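This document starts with one chain, in the form predicted alone, laid out as C-alpha cells.
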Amino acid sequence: METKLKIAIQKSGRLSESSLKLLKECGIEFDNGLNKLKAEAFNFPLEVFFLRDDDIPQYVEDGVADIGIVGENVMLEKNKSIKLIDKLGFGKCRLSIAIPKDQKYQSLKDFNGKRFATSYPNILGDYLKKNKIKAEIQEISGSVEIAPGIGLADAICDLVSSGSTLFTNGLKEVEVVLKSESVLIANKKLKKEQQEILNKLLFRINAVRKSKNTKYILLNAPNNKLETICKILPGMKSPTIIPLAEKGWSSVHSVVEENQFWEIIEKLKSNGAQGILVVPIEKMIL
C-alpha cells in the first residue's frame, strides 16, 4: 500500500482559500468539492483533510493528520506537542488589545485590575504575566468586539487585519500582542517515508514562495555600461548577456528581489538601460 502524507487545512475561513491555492501552485491536483471533508491528490502522495482551524493542532498532535496549515496564533494558543516546520507568508494579521476609542491610554499599566474579553486566553495571559499586569480574562468564542459595549469587559484582545471591525464597533487598537501568519506544522513522530514526502512538498512550496518574491527582468543596455549594470543586477549568480543586432548594444536578463525592485529599476535607467521588461516568475528552482 502506497504511503501517503496527510495534511489538514481549514475547511472555511481566513486561511482556507490561500492554503488550497498554495497546494495547487505546487502542482498538486485534487477534488475539493462542496462539503468534502477529505480529498485524495491525483498526482502526489497526499491526502487533504478539511477541518476547523482550532482542531488542526490537536489532529496533528494525535497523528490523525501528519502535517497542517494553521494560523500561528492558533498554534500558540492551543500549545500542542507539535513541530513548527515553516512560516508560509500568507494570512498575516496581528493579535491586538483594543479599548473604546473615547478612552485615554498611556501604557499597559492602565490594565491593572481591568477585565479582558478574548478568544486567546493563553496567549493574552502569558503576555500580561510577562509585563507584570494583573487583570481578569474572560474567554468568549465569538463577537469579542461587542464585549466593552455591553459591559462584559473593559478591553478586548482579538485578531486585527485592517482594523475596520474595531472602528465599526467603536474601538481603537492600543497594543500588539502577537504578529501572526500561516504556518506549516507537523507531528513530532513522522515515519521516514512520510518525512521523505514532506521534504518533496517543502521543495515545491519553497519554489513557489521564492517565485513570489522575485521578478524576471529583461533590458537593453549599451555595451559601455554593461559592467556597471551587471553590478546593479547580480541575479541568482550573474546576469545573462546576449548581443543585439544593433552594434554596441546587448540584452541583459536577470532576477531581482521584490523588495529591491523599484530601487534597482531607477539605478538601471540612470545608467542607460532601455526597454525594461518585467515578467512574473511562476516557479523558481534553486
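This one's a predicted model, so the numbers in the text were calculated from it and none came from an experiment. Numbers for residues come from their place in the sequence shown, where the first is 1.
One more form of this protein exists, namely the form predicted in complex with a small molecule; it is left out here, but the text below deals with it.
Note on contacts: among Gly89, Gly163, Gly113, Gly170, the single residue with a heavy atom within 4.5 Å of the small molecule in the model of the complex is Gly163.
Distance criterion of 4.5 Å from any heavy atom to the small molecule in the model of the complex singles out Glu145 from the list Glu77, Glu175, Glu145, Asp126. At the 4.5 Å threshold, heavy atoms of Gln274 stay clear of the small molecule in the model of the complex, well away from it. With a 4.5 Å cutoff on heavy atoms, Leu15 counts as touching the small molecule in the model of the complex. Among heavy atoms of Asp54, some come within 4.5 Å of the small molecule in the model of the complex. Remark: Gln10 counts among the residues lining the small molecule in the model of the complex, judged by a heavy atom distance of 4.5 Å or less.
Taken together, the three residues Gly71, Tyr120 and Leu159 all come within 4.5 Å of the small molecule in the model of the complex, as judged by their closest heavy atom. Contact with the small molecule in the model of the complex, judged as any non-hydrogen atom within 4.5 angstroms, is confined among 151 to 159, 131 to 139, 185 to 193, 97 to 105 to 151 to 159.
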